[in-house]
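As a starting point, one isolated chain is supplied in structure tokens, in the form predicted on its own.
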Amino acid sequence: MTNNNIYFVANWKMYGNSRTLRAIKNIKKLSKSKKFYKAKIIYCPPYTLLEQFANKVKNTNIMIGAQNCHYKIDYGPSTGFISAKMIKDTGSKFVIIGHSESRKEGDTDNKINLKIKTALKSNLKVIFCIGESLKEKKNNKTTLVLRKQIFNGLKNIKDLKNILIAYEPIWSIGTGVLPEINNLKLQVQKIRKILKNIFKNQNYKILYGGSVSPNNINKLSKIDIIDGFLIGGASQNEKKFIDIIKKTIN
């Protein structure tokens, strides 16, 4: 694992209500411990809980993020959508953009690019998700797909200082199937090479997401070129989320 700060992003997806705020009680205690000073914890609950979460973690090192945003920067007649400005107003600091579940619902590379630009202009930091499907993997198109998603998603963006790249193989999300460790390391190396060709000498933060759990985090944390994890189901369980953090930082 990297010797720098390690990110633990909790993506709650479409789960949670006011009562589930109790699930961060012990996480708050852990975040204040000197032993875990390297842990950068980011909770991404549903929109309905953003402000409540932000208020709950005041005076801690925990940060809050949304799971998506609209591509338009200004307020307007877009019924049912949330703008980056609105997300910023809740006290959130991050937004996930390009998650495969959002891509499945219609987020194209072009729309993702617009969303990233809008989020950055609204002073939000971005967690930019990329990843290949099982079919693309079987057809040996992983590198081609990742390159396309990176080039198009980050088009005309000058630097990555406010962007975290999250590599999430679609076939691994929610399936319990983890990439073979050497292959995962190879893919992350390829992502770094692609980024280097675009952004030259800048620093890149790359997270891994896809069936991350307390059972496999020891294997994953041995990959020294990964800067953290985007965690789905396991992050909704406080004990599991704490186990992941503790096993990573030991």
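Only a predicted model underlies this, so the values are computations on that prediction, with no experimental measurement involved. All residue numbers refer to positions in the sequence shown, first residue = 1.
Beyond the structure shown, there is the form predicted together with a small molecule, which is absent from this document and is the topic of what follows.
Note that among 149 to 157, 106 to 114, 84 to 92, 164 to 172, the stretch whose heavy atoms approach the small molecule to within 4.5 Å in the model of the complex is 164 to 172. Put simply, residue 211 is close to the small molecule in the model of the complex: some heavy atom of it is within 4.5 Å. In the model of the complex, the small molecule lies farther than 4.5 Å from every heavy atom of residue 136. Remark: residue 13 counts among the residues lining the small molecule in the model of the complex, judged by a heavy atom distance of 4.5 Å or less.
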